[in-house]
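Consider the single chain below, provided in structure tokens and representing the form predicted on its own.
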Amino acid sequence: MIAAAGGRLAPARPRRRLRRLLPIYGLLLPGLVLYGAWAAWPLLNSFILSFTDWSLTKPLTPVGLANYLRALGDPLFWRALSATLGYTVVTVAGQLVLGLGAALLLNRRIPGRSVLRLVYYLPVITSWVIVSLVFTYLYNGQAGALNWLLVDVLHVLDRPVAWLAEPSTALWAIAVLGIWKGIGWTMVVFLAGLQAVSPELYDAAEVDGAGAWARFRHVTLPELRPTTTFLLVVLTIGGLNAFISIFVMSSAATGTVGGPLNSTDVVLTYLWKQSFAQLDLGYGAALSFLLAAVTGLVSLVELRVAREAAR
């Protein structure tokens, strides 16, 4: 307590601050309770489970680091991780390039711009399951629309290709869906970044004799660096956690999760098979935390590289 004018005692500053913050904490408490019940507590339990051997058919047995050491020596895990990284590189690059192209186009004053923005964004809000089934039909090796276009209309191919049944094409065919579905969201974020660029920068560059490409290279790209960094990290996290489209399309096309010769097995589908097909829940939990570690490491590297490039 601190003596105040007139002989009164003023409340201590920490107590005043706590009284002011109590209503804020009260508003946050329900959300924190739900987060703890539905996210934090299950996450902690999964982490504990990753150090055990549990298959629902026998008692839970602690095994220490055995599950993690098993994963590091599992060639199928490394193959799934390699496929995950390849899928991520292709989909992130495709979404960034095409999303930026769409944003540059729709940032201009062209007729029907609002309608075109809506059309580009529609894939983002469509169901992953529905579009995965639609693309499965498009890729059908016998009656698919893609083969009809390439073989019968354009005569690019001599015979139909079983896109989802061939180990060399299955994962990349699914990656096309990932790119197509993410262009709209990437476009919206890039549009926000483009509209934050001062027109005076373009005017000054034009006065200096810079052409369209020079203005794009020396004004647009540098000004979009924070936006690009944000998109790079978020899209990478999404690519590393791809599951629904790969699960649905490989199952529908070949009848097995993982596709032909496990060519479409990414970490999450391999994790699913170990956890729910083999009922090896402890090993599945360990795989999930290894993927989380890889995701965090890749994100940190991207942020570090982007920070160094900005200097």
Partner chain sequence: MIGLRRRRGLGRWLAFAAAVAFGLVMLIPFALMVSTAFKPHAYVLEIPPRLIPEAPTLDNFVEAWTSQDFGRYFLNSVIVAVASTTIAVTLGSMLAFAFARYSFPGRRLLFGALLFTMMVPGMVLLIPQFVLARNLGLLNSLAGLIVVYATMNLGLNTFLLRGFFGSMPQEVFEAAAVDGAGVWSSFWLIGVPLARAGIATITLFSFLAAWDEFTWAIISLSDKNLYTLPIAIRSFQRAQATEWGLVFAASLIALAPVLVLFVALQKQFVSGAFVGATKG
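We call the rigid core whatever largest set of C-alpha positions still superposes within 1.5 Å between the two forms. Positions refer to the first chain, counted from 1. Note that the structure is predicted; figures quoted are calculated from it, not measured.
Here the subject shifts to the form predicted in complex with its partner chain, a form of this protein not shown in this document.
A.B. asks: Whether Phe216 contacts its partner chain in the model of the complex should be assessed with a 4.5 Å heavy atom distance threshold; does it?
C.D. replies: No, Phe216 sits far enough from its partner chain in the model of the complex that none of its heavy atoms falls within 4.5 Å.
A.B. asks: Quick one: is Ala102 in contact with its partner chain in the model of the complex, heavy atoms, 4.5 Å cut-off?
C.D. replies: Close contact exists here: in the model of the complex, Ala102 approaches its partner chain to within 4.5 Å, heavy atoms only.
A.B. asks: Is there a non-hydrogen atom of Thr220 within 4.5 angstroms of a non-hydrogen atom of its partner chain in the model of the complex?
C.D. replies: The answer is no: Thr220 has no heavy atom within 4.5 Å of its partner chain.
A.B. asks: When the contact criterion is heavy atoms within 4.5 Å, does Trp148 count as touching its partner chain in the model of the complex?
C.D. replies: Heavy-atom contact with its partner chain at 4.5 Å: present for Trp148.
A.B. asks: Just to be sure I understand the contacts: of Leu157, Ile237, Leu72, Ala204, which is the one whose heavy atoms reach within 4.5 angstroms of its partner chain in the model of the complex?
C.D. replies: None of the others qualify; the residue that does is Ile237.
A.B. asks: Going by heavy atoms, what in 37 to 58 lies within 4.5 angstroms of its partner chain in the model of the complex?
C.D. replies: Read in sequence order, the residues that approach its partner chain (within 4.5 Å, in the model of the complex) are Ala37, Trp38, Ala39, Trp41, Pro42, Leu43, Asn45, Ser46, Trp54.
A.B. asks: Does Leu18 show a Cα shift reaching 2 Å between the shown form and the other one after rigid-core superposition?
C.D. replies: True for Leu18: a C-alpha shift of 2 Å or more.
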